[in-house]
Ligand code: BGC
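The chain below stands alone and is given in structure tokens; this is the form predicted alone.
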Amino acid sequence: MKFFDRIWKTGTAAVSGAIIAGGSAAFAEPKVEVMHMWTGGAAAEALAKMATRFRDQGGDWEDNAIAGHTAKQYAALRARVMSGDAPTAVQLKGKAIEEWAESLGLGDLNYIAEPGNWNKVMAPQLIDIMSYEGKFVAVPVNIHRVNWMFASKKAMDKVGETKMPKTWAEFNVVAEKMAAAGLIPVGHGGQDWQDLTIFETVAVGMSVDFYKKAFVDLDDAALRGPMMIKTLDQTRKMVGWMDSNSPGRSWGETAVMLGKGDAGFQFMGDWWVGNMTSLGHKHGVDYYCDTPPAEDGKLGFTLNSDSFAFFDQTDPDKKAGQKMFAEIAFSKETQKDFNLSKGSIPARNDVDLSDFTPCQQMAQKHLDAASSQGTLVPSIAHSIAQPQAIRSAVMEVVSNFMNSDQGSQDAANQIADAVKSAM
């Protein structure tokens, strides 16, 4: 049963679809309650900059951070919506935007988007994601690349490596050298979403075309086939290079291990860069970043984007707050400040990146290249490729595989079966 089918069977949501602009809020004092999942690190720092700008312009900002990840935040949101008390601004992303817009209604942002020229200045890769039935219903704050490979310079120096591996075979050789040197070759936090993130990165690195068939098209033959087996086999090798303290560890704690030189590699989205910058680490001095190994030689770019959407409010202060929030969030100034902290790149195409890190500048170049080459793909690990039900089904199987001795063929069949059941 689909998620929103369950909502309608359990109650009626007191939400309507349009944000009303105009004179009713002429004397309103802008106010927002912002529900999001950024509880610490560079992400919280980035959002704090946005909150400061909102308050500096006379707004009242109430922060509502939900610890955990996407599923936990969406559960909290469902409870609020069901009680008729939807937050004024909520972090939604990818397929969830379409689901909420279709089933419960999200605010029409065209009254802000049209004078703001969003169709011209928004990164073209995001326009369809942020729109529903020809109307903007969400405002993006960034573009994340998920499939990054980060390496500790100290660890690389210890094993005499100066170049990042370009194939999985090359990676395996370097990992073995690190293991022999007493290092942890693959730093990883054993949480289900991190498990799916590293698995996704391996899948794209095996073949971009395979990834599209399996996790965008949900092709059953691809989900059960030989390329999936290769992906799972390589993932199994990665698990063997993780340390016994991995289960339950956060990605930020793992990043610290790379900074110290205790671990060699970490596969994580570029929020990792923002975190390392906040810790004082620099590219080329403390760490390296690069596209992960690619067996097909293609430049895969796994897209993720954070965005905020709004539900209708009757309070004029909250209506005014929604308008101010959207305009501030998508302004050039906020996009620069926010993404400098977050490690991502702006959702606008007119922001100067000269102050950004080499990894962020690389991300922009790779985004442009992948877009032109047809190798830009949406992330399933981060809810862009598929709805939450399918993402959760795949994540459960992958995480179970990584935390057991299950065989690759068996896991492939379980992934395919789980996808079929969740559709």
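Residue indices: 1-based, along the sequence shown. A quick note: this is a predicted structure, and the numbers were derived from the prediction, not measured.
Although it is not shown, the form predicted together with the ligand is what the next lines describe.
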- Item | in the model of the complex, the residue from 251, 111, 288, 74 that sits within 4.5 Å of the ligand by heavy atoms | 251
- Note on the structure: In this chain shown alone, the residue from 341, 88, 266, 304 with a heavy atom within 4.5 Å of the ligand in the model of the complex is 304
- Message: If contact means a heavy atom within 4.5 Å, which one of 233-241, 304-312, 123-131, 158-166 is the stretch that engages the ligand in the model of the complex?
- Response: 304-312
- Task: Find out whether any non-hydrogen atom of residue 382 is located within 4.5 angstroms of the ligand in the model of the complex, and reply yes or no.
- Result: yes
- Message: Even though the partner isn't displayed, in the model of the complex is residue 171 close enough to the ligand, meaning a heavy atom within 4.5 Å?
- Response: no
- Does the ligand come within 4.5 Å of any heavy atom of residue 348 in the model of the complex? no
- Give a yes/no on whether residue 69 approaches the ligand to within 4.5 Å in the model of the complex, heavy atoms considered. yes
- Stretch 96-123: residues contacting the ligand in the model of the complex, 4.5 Å heavy atom cut-off: none
